[in-house]
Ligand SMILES: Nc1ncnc2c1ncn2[C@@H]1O[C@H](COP(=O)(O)OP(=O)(O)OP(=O)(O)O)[C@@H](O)[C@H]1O
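Starting off, we have a lone chain in the form predicted on its own, written out as structure tokens.
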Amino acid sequence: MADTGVFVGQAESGDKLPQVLLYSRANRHGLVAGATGTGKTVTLQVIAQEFSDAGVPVFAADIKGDLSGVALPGAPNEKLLARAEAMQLDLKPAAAPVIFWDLFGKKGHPIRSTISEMGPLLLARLLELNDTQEGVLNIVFHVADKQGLMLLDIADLRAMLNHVSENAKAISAEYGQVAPASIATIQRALLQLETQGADGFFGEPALKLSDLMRTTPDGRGYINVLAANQLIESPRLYSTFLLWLMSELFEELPEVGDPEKPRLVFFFDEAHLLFREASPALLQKIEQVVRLIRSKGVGIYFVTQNPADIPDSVLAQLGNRVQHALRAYTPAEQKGLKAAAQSFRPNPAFDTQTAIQDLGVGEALVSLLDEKGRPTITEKTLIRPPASRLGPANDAERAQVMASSPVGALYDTAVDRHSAYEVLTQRTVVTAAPEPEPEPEVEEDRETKAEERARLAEEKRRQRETERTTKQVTSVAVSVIRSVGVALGRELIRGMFGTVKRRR
């Protein structure tokens, strides 16, 4: 309906103005909030599909499975058709181009990252380490980086922890105390992570951001839907993964300023999980990324029940806001309701706090940035009906979409390359190899013959020693070269979150 932006819905009062999220202001981030069952997912679906139609790729987590319906044409009922007609909207059923992803590889293509790429800061958050244990993990990563050992999967990290433990005295003298108790705690945390199914996330082929920013031949942006119904059962893995993805976008994408359209729109559902138990240092980095990533052409939209779930320093960066209904039965909920109302530009026609409680399903208070970057006056808005299906895709429909996916051949098969585990195992084998026993001396009757045989035996012994040493050196060298070859494929320079900064 709007060539300049996403048609979110129509104001219910006054001139019934269309509420349009401008493409040129979409990288100023946003918020979609509201209690469970008030229509947040439908709003997300509408906005995502409109961005897709405009050629903007989208990434969104699908917590309940409902968002998967965006891959299929809708079947609007009489109520939705009547709403579309009132908005002068020609509602034609249409599916969006979708790529399904899943960290566990069950309901989408696997998403993987290497241990090295995630880095010690985010991994420490994932493993719930204290400051001392995080310091030891930093030492482990530093030693691995210095020796050119790529940590691709959990087996690599476990081998590296053993290596650091076995050489703790020398490493402690150079980098600081490496306590055996800290190593043991990290090992136990890794085991717990494996039991949660996260071991499949670490490995190769690692996700390339370019595959999240694909467009179709007809110019539409792909909507990347992350199946998160199982992932959300491990909330720390869920939030750490999305934080890693956000940090990768920040570190890898070049500056583009304020483009006419965003390069990618990123929806962060259950956003409160990102900030729960985050250290002040981590919160500061998250705020910095949210503030600066807009210049990379990326719009981040937090989806949560209450704006109070998001720290004020981050909330202040979110210019485009859609607020669905909130209920306030407890003192804490009433406080959250008041905070939500105060975050909107007032409309003299109604009391914002009362209006938030009175909203029905499919209604929202909307305030979006105008051409000059100013928040518009808050309007009670009917959210436009989606063109795609309301409700989830079934397993057969999901499989059909995945079968025609442009990335299936790239990610569906795991790769286990030569990395830290293999190199360190080879070193152990070489070190433990027994020395061959010397050949017994051959007694000869004649002294000259004995001397000659002794000389020949010594020459043979030296030759064998040289050959054995050469083989050992070659074996270790090949292992190191392979590992370093992996390392040199990326710059081992770490960014704001400790993630590897890749060469572009």
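Because the structure is predicted, anything quoted here is derived from the model rather than measured. Note that residue numbering follows the sequence shown and begins at 1.
Below, we refer to the form predicted together with this ligand, which is not included among the displayed structures.
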Open item on the list: Considering non-hydrogen atoms and a 4.5 Å limit, does this ligand approach D66 in the predicted complex?
Closed with: yes
Open item on the list: How about G39 - does it come within 4.5 Å of this ligand in the predicted complex, if we only consider non-hydrogen atoms?
Closed with: yes
- [ ] Verify the contact flag for G336: yes if a non-hydrogen atom of it lies within 4.5 Å of a non-hydrogen atom of this ligand in the predicted complex, no if not.
- [x] no
Task: Contact flag, G362 vs this ligand in the predicted complex, heavy atom cut 4.5 Å - done: yes
- [ ] Have a look at 230-238, 378-386, 257-265, 140-148 and name the one stretch with heavy atoms inside 4.5 Å of this ligand in the predicted complex.
- [x] 378-386
Open item on the list: Please identify the residue among L245, L390, V407, A189 with any heavy atom within 4.5 Å of this ligand in the predicted complex.
Closed with: L390
Open item on the list: Please tell me which of T352, Q305, S182, S113 lies within 4.5 Å of this ligand in the predicted complex, judged by heavy atoms.
Closed with: Q305
